[in-house]
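Coming up is one lone chain in structure tokens, specifically the form predicted alone.
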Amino acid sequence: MARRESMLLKLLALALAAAPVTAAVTAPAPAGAWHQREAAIMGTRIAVELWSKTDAQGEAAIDAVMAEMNRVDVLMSHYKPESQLSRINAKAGAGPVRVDRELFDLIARSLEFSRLTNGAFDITYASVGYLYDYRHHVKPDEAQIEAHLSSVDWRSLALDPANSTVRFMKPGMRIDLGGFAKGYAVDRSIELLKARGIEHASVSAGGDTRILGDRFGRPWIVGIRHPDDANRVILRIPLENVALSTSGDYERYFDENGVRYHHIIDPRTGHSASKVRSATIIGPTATQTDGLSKTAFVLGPEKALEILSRIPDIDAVFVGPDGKVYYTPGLAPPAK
């Protein structure tokens, strides 16, 4: 991690500046052009920006990214009744459900996150999480939470690698890959761009971003927004060849009687986790950063930083409920 920390510490004079949430700094480039496109896929905003030598190459590369995003959505969305994930939720309580190896491997990876975080990350949170409807301000009462909470247990998710099957060992179990499916789709998209010869790009799916290369001698500049104001940033970070994921209690939520109900559920309680307001993770892949960005909400900043310190090439920024900002050493602002 020393190489990335050195680069960050040299350039973090940009920190704590007020600017748009994401800004890019460019230097003179060779012949070619930047291409950009946005779309609504996977229930979020997909944004692609890349450099290509020809317009045809650039547009074809973006088409490939959007097709990949749609493919992952069809496979893993719990909103689509025809998806394999929906089939798991409908049938895995009765017996093993065979799925594509790609989906099986991603579910298996979720268990690695669960072990690493002592259950703070748990895709079976959906056993309670499905009772919430943030758009219509619907939340479960205590009796409903209590009735479903025993089904939240990643250890009762039985996987058979030989047959690529998934089975629920407790009644009422459900899973939701929203905790890192978007990060996975971002990683897949970057690999597709590399295969097409693209060397400078940014792909985002909501709060998950992965950056390929630099901007011809200068880094990409990514801002972490203030939890209460989308037009303010608490930190701007220079990045290249890295992934970044931000989760916040301002994404899908509603407020009622002074309480914020949001989509990051504490698997131990069935309630919205509240130990941080915002969590940003920087690391090698968006699958990894997406999964880890949820854990601070459950564990709190100090415990989360302790766990993250044991993972190579990971940095983090957390905003606590009181507005205090916590950093890993590689991102701490320079001393004044």
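Numbers for residues come from their place in the sequence shown, where the first is 1. Nothing here was measured: the structure is a model prediction, and the numbers come from that model.
Just so you know, the form predicted in complex with a small molecule exists too; it's not on screen, but the next bit is about it.
Stretch 261 to 269 is the contacting one of 220 to 228, 261 to 269, 96 to 104, 234 to 242, since its residues have non-hydrogen atoms within 4.5 Å of the small molecule in the predicted bound form.
Shown alone here, residue 182 lies within 4.5 Å of the small molecule in the predicted bound form, counting heavy atoms only. Not displayed here, the small molecule is approached by residue 176 to within 4.5 Å at the level of heavy atoms in the predicted bound form. Within this chain, residue 209 is remote from the site of the small molecule in the predicted bound form, having no heavy atom within 4.5 Å. Although the partner is absent here, residue 71 sits far enough away that none of its heavy atoms falls within 4.5 Å of the small molecule in the predicted bound form. The contact with the small molecule in the predicted bound form, taken as any heavy atom within 4.5 Å, belongs to 252 out of 167, 252, 196, 109. Scanning 149, 157, 120, 92 against the small molecule in the predicted bound form with a 4.5 Å heavy atom cut-off leaves one residue, 120.
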